[in-house]
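As a starting point, one isolated chain is supplied in structure tokens, in the form predicted on its own.
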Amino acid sequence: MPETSQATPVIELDGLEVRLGGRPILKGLSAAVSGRAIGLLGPNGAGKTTLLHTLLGFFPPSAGRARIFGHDVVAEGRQARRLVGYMPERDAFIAGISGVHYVRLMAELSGLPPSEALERTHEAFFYVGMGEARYRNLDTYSFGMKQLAKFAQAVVHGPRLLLLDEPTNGLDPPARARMLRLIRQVRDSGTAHVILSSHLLRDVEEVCDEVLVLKDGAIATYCNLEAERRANTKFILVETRGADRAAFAEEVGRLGAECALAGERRIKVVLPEALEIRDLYRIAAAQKIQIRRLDYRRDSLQDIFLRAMEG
């Protein structure tokens, strides 16, 4: 179970279970996360959207509890939802109205008085870069513009938590970059936390500092990406040519690396964070060993995700 040093985590799940149509969808989720940007990953059908909908009060828990900033989503649902902005994956527009009308309506439904809702709506449209298009009918918006309008209505009331469900899905590269830039601005401003549900690992890796991976309705793994990036192990396969590979491996080992001979010419090396590739070349030169080939990589979010999927 992910732990946090904060007194009140952003999201707390305590044995959360959800059944729909008699079928278990979420199965005993327990976690406490407080990252500035939290990635929610998992294959289709893993329960990502169901978890978001449960946090929003759309689905009642069959067992367990969920809290947002300490507010129980059932017993204190209204207080919890006031703190949340939600960008759904699917369009939920009202036909025949302008962008400004739509976002103002969402702001009023979030509890803002009409005059403040209108002022905040104009600010939200300029914030997402669509000030010139705010009076146009939503039906005339391109797909990318509709995504930005959904983002505007999610932030218009100044929430403390943004729930974003596949915000970049279907966007072309420039529009995707624009959306990710907006999410990072919210994250870095410190005004709101973000939960980003996505199947695009690259987006999550670019934006998030914590990741929660779901598989078959259960938590497969939790990862603090910032800690992982700082402490990530370096795995290297070194192909050498020279008389005494064992002496080379022993010398590298004295610097804190783990070494194992692999075949006639290869050495597997696990480097500590303080040891760099140039140190290997320095030792090789002193030992009169040639490094002919070097395969170097760090664990990526894809590696972490695939390990979680493999159990």
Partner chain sequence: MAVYGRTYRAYSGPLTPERQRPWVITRYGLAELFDSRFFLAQFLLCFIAPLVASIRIYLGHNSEVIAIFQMAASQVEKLLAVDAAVFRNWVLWPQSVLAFLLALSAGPTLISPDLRNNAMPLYLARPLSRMEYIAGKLVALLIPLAAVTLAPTLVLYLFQCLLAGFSWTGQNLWLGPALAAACLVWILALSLAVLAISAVVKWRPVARLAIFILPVFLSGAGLILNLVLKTQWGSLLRLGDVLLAIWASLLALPLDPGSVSPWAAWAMLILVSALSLLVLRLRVRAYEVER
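As the structure is a computational prediction, the values presented were derived from the model and not from experiment. Positions refer to the first chain, counted from 1.
The form predicted in complex with the partner chain is left out here; the points below concern that form.
**Student:** Judged by heavy atoms and a 4.5 Å cut-off, are Gly21, Asp91 and Gly158 together in contact with the partner chain in the model of the complex?
**Tutor:** Yes: Gly21, Asp91 and Gly158 each sit within 4.5 Å of the partner chain in the model of the complex.
**Student:** Check each of Leu171, Leu237, Leu201, Leu105 and return the one that places a heavy atom within 4.5 angstroms of the partner chain in the model of the complex.
**Tutor:** Only one listed residue qualifies here, and that residue is Leu105.
**Student:** Find the only residue in Glu205, Glu123, Glu228, Glu76 having a heavy atom within 4.5 Å of the partner chain in the model of the complex.
**Tutor:** The option sitting close enough to the partner is Glu123.
**Student:** Taking the partner as it appears in the model of the complex, which of 249-257, 65-73, 272-280, 50-58 has residues with heavy atoms within 4.5 Å of the partner chain?
**Tutor:** Going through the listed ranges, the match is 50-58.
**Student:** Taking the shortest heavy atom distance, is Leu109 within 4.5 Å of the partner chain in the model of the complex?
**Tutor:** Yes, Leu109 sits close enough to the partner chain in the model of the complex that at least one of its heavy atoms falls within 4.5 Å.
**Student:** Do Thr140 and the partner chain share at least one heavy atom pair within 4.5 Å in the model of the complex?
**Tutor:** Contact check for Thr140: no, nothing within 4.5 Å of the partner chain in the model of the complex.
**Student:** Is Ala133 near the partner chain? Define near as a heavy atom within 4.5 Å, in the model of the complex.
**Tutor:** Ala133 lies outside the contact set for the partner chain.
**Student:** Given that the partner chain is not shown alongside this chain, does Tyr127 nevertheless sit within 4.5 Å of it in the model of the complex, heavy atom to heavy atom?
**Tutor:** Yes, contact at 4.5 Å.
**Student:** Using a 4.5 Å cut-off on any heavy atom, which residues of 172-196 would contact the partner chain in the model of the complex?
**Tutor:** In sequence order, Gln185, Val186, Ser189, Thr191, Ala192 come within 4.5 Å of the partner.
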